[in-house]
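Encoded as structure tokens, the following chain is the form predicted on its own, with no partner shown.
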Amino acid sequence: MYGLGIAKGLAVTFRNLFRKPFTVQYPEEAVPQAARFRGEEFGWFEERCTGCASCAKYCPLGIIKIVTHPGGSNMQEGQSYTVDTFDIDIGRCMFCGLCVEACPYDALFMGSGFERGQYVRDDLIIPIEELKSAERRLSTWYRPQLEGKNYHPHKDEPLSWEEVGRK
């Protein structure tokens, strides 16, 4: 009884002994990612954002802080607001994507990066300045217009705000 179990275990070992390993030696070797991977970064297009705060309203954890004041533009469509503060606390984010789905103007996207580890929890807040200057490697999750173009965030160039909308 014990000898049969050991023989079966050794058979599995010998079967796998000469196979090519499929582990990745991260960080020396890049980890392959799918185009729909949602990571710890966000893409925000200031040009598309009207300051409606739908993303903050629909966030189940309340991690998005938006402070606006009346901007005086787009008066015919219903006034747009100037965004003073747009902070996202990714230390508490569960990456559900409800904020991205709630944005009616396609101003907020989830990115595909995942290397934002910090030692201090306060450094996990993404301020508006970082959102404005960040490279936009957008996940194609919940964005059929990007999947239709066969866009891949790590192989293709970052997109401009004109190219990402649903139109």
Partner chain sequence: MPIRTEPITVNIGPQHPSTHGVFRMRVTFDGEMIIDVEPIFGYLHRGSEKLAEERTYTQVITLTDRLDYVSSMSNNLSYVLAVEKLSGIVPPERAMYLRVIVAELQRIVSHLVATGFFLNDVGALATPLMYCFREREKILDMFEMLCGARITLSFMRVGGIFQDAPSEFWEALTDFLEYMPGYIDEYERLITGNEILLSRTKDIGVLSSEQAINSSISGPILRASGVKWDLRKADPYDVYDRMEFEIPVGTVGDNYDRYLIRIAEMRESLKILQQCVNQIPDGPIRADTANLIRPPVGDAYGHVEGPKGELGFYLVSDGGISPYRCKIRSSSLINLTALKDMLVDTKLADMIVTFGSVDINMGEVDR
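This structure is a prediction, so every number in the text was calculated from the model and none was measured. Think of the rigid core as the biggest set of C-alphas that the two forms share within 1.5 Å after superposition. Residue numbers count along the first chain shown, from 1.
The same protein also exists as the form predicted together with its partner chain; that form is not shown, yet it is the one meant from here on.
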Answer key, its partner chain contact in the model of the complex at 4.5 Å (heavy atoms) among Ala34, Ala134, Ile125, Val67: the residue is Ala34
task = For the three residues Phe22, Cys96 and Glu147, verify that every one has a non-hydrogen atom within 4.5 Å of its partner chain in the model of the complex; reply yes or no.
result = yes
Item to complete: Check whether Lys57 has any heavy atom within 4.5 Å of a heavy atom of its partner chain in the model of the complex, and answer yes or no.
Response: yes
**Prompt:** If you check in the model of the complex, is Phe45 within 4.5 Å of its partner chain, heavy atoms only?
**Reply:** no
Does Tyr105 reach its partner chain in the model of the complex, with heavy atoms at most 4.5 Å apart?
no
May I ask you to check whether Glu101 falls inside a 4.5 Å heavy atom distance of its partner chain in the model of the complex?
-> yes
Contact check, 136-154 vs its partner chain in the model of the complex, heavy atom within 4.5 Å, ordered by sequence, gives Thr140, Trp141, Tyr142, Arg143, Pro144, Glu147
- prompt: Is Gln25 one of the residues whose Cα moves 2 Å or more between this form and the one not shown, with the core superposed?
  reply: no
Query - Exceeds or equals 2 Å, Cα of Asn150 between this form and the one not shown, core fit - result: no
